[in-house]
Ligand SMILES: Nc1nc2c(ncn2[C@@H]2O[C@H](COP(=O)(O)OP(=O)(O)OP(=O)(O)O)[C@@H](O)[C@H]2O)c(=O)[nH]1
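The chain below stands alone and is given in structure tokens; this is the form predicted alone.
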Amino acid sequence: MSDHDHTKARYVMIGGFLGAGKTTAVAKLGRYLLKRGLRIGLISNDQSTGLVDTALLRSQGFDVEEIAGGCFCCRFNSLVEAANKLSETAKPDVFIAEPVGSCTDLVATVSYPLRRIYGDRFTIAPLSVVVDPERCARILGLSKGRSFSSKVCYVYRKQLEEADLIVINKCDHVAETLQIELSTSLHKLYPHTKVLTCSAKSGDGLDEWFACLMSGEPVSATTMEVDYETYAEGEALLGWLNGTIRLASKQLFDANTMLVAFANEIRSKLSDLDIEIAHLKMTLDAGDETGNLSVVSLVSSEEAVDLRESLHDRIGGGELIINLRAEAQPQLLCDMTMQTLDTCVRAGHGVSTEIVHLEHFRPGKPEPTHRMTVKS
């Protein structure tokens, strides 16, 4: 940030498709800024309530506001209200916002309106779009494997098109040849965009990216054109399931093993139906004084389940949050998840369950509060 902007808060938006690793990156950026003496506030976003991301970030000690019921573009006033609330409590120097992973057109509907309406309060960082290299390679036709239908891929490609920074994440999990091929292809497709590689999990490459976020400016001279009918149809092909379930058992059980088995069974059933998972996230909070969570992530029907964080001891119960997004009928996702819960949790581990919150739906058509465009 320049000297004359030192009184303004920095607004950083980290976008990208479901399963790209945005939340891990947000947490790493938060810690990076805290070490440099900056106060931060985080804003999470989803089509509904009951977010794994919010629970995970709060468990790490961050001040988080959650905006539910639509993307930032459709809940722009809620975004400003969340910033106001954080300003009263945490007084952030930097706001880090993570939009819904199926959302695009963020420059015209969020960045430009913030700059024009609230330019006296915020400086706007370059828009980052984080990508999972294996999924991105499949969508761009660089590698084979299960992917999404054309209208879902339309949303994915639009996210890439509007990015100031495309960040190839998970570089520690893929071959260097694929990283180079993907980076070269992205440079050719989007020549105005800076392409970076990193691993949010290991920390490799993050310093360069974070430096760009704190010192750089948005580079897009024009806003992109978006077919909102195709965009809406693409988003609506994704089924959404959010559930919060209370678990209890007379015998202590290994929650880490149980969650991995649960996720593996969901993956297997959806794979058998030729359904591609966009993202499955689960957290299990024992509710004890340690504040530890068991965290499981699955970003494709063809990939292995990742136990991101582990509970240290066997537990007697806790609160399970499930977020599942896949290109499938929401009712099918709900029925399959609940049946799998019965077999893997109740029958398999002798754990009783109580549903606290359960929603399954398709996202509605995006209707931005503002859409401000710039033409060349």
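Numbers follow the displayed sequence, beginning with 1. Everything numeric in this text was worked out from a predicted model, so none of it was measured.
Just so you know, the form predicted in complex with the ligand exists too; it's not on screen, but the next bit is about it.
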ask   = When the ligand is placed as it is in the predicted complex, which of 295-303, 137-145, 250-258, 84-92 ends up with heavy atoms within 4.5 Å of it?
value = 295-303
inquiry  = Quick check on residue 349: any heavy atom within 4.5 Å of the ligand in the predicted complex?
reply    = no
ask   = Hey, in the predicted complex, is residue 101 touching the ligand, heavy atoms inside 4.5 Å?
value = yes
request  = Considering only heavy atoms, tell me if residue 279 and the ligand come within 4.5 Å of each other in the predicted complex.
outcome  = yes
message = Against the ligand in the predicted complex, would residue 200 count as a contact residue? Criterion: heavy atoms within 4.5 Å.
response = yes
note = Contacts from 166-185 to the ligand in the predicted complex (any heavy atom within 4.5 Å), listed N to C, are 169, 170, 172, 173
